[in-house]
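Quick setup: one chain, the form predicted on its own, written in structure tokens, and binding and motion questions come after.
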């Protein structure tokens, strides 16, 4: 984990209210893993007190650069969107536990909803490097909300799109694309692993399908964070206790998205 002032290389709007930023940080570029995140101080000393958690979207190791993809949803991200080339930002990272890519994996399915693609490009690049068959399912409300298509196409995997209004790809939910691809219940599915990030209802559906087809599934959760290092307990989510953990406890069991996640096994999460 590093705390540093980094210089911004560019910060561009790539879709309505969605921005891609690149900054120099050789330390993060060398140590980050897919699924991890950073905490950025937006607006300088006069900005909001708390940092903003943002997924690592992409690493350009040869340049010592890092990319983030984010959507403007409040004061912090609005201030971040106003950052210009040459500005400095103070950040902390990489943080959290990322995705795990099993060595015996034969095929991977990535399921993304809207801005949920933010941590998944880095993951897709790592999977592609390992020569693992890759299927990418991207979903959103409209075509304007589908992000990072060109970057994902360059990886050579198969890509399918779904929009709720039918403006791009299939009309419907991205989870429906996954269900169609898996086939009828009981269809043989071997050594496939599912990775997903997006709206909670979408991930819950993907988790349910993965359990039905007995496919391992990892989910990247989002939560409001104050510290990003597990101290404030503000990002706790309810999870199922492990067999050795609170086995006889009747109280709800919680884990911290920032410290224990943000990536969890889908079976752990209480949806």
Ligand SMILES: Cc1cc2nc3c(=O)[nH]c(=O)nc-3n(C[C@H](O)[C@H](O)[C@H](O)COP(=O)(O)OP(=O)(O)OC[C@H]3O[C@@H](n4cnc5c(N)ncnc54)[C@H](O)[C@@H]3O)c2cc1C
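Residue numbers count along the first chain shown, from 1. Computed from a predicted structure; not experimentally measured.
The same protein also has a form predicted in complex with the named molecule, omitted here; what follows describes it.
Using a 4.5 angstroms threshold between heavy atoms, residue 203 stays clear of the named molecule in the predicted bound form. Mapping the unseen interface onto this chain, residue 115 counts among the residues with a heavy atom inside 4.5 Å of the named molecule in the predicted bound form.
At the 4.5 Å threshold, heavy atoms of residue 142 stay clear of the named molecule in the predicted bound form, well away from it. When the named molecule is considered in the predicted bound form, residue 94 lies well away from it, no heavy atom lying within 4.5 Å. Proximity of 99, 103 and 193 to the named molecule in the predicted bound form is absent: no residue of the three has a non-hydrogen atom within 4.5 angstroms. Residue heavy atoms within 4.5 Å of the named molecule in the predicted bound form occur in exactly one stretch of 221-229, 206-214, 58-66, 26-34, and that stretch is 221-229. Heavy atoms closer than or equal to 4.5 Å to the named molecule in the predicted bound form belong, across 30-55, to the residues 37, 52, 53, 54, 55, ordered by sequence position.
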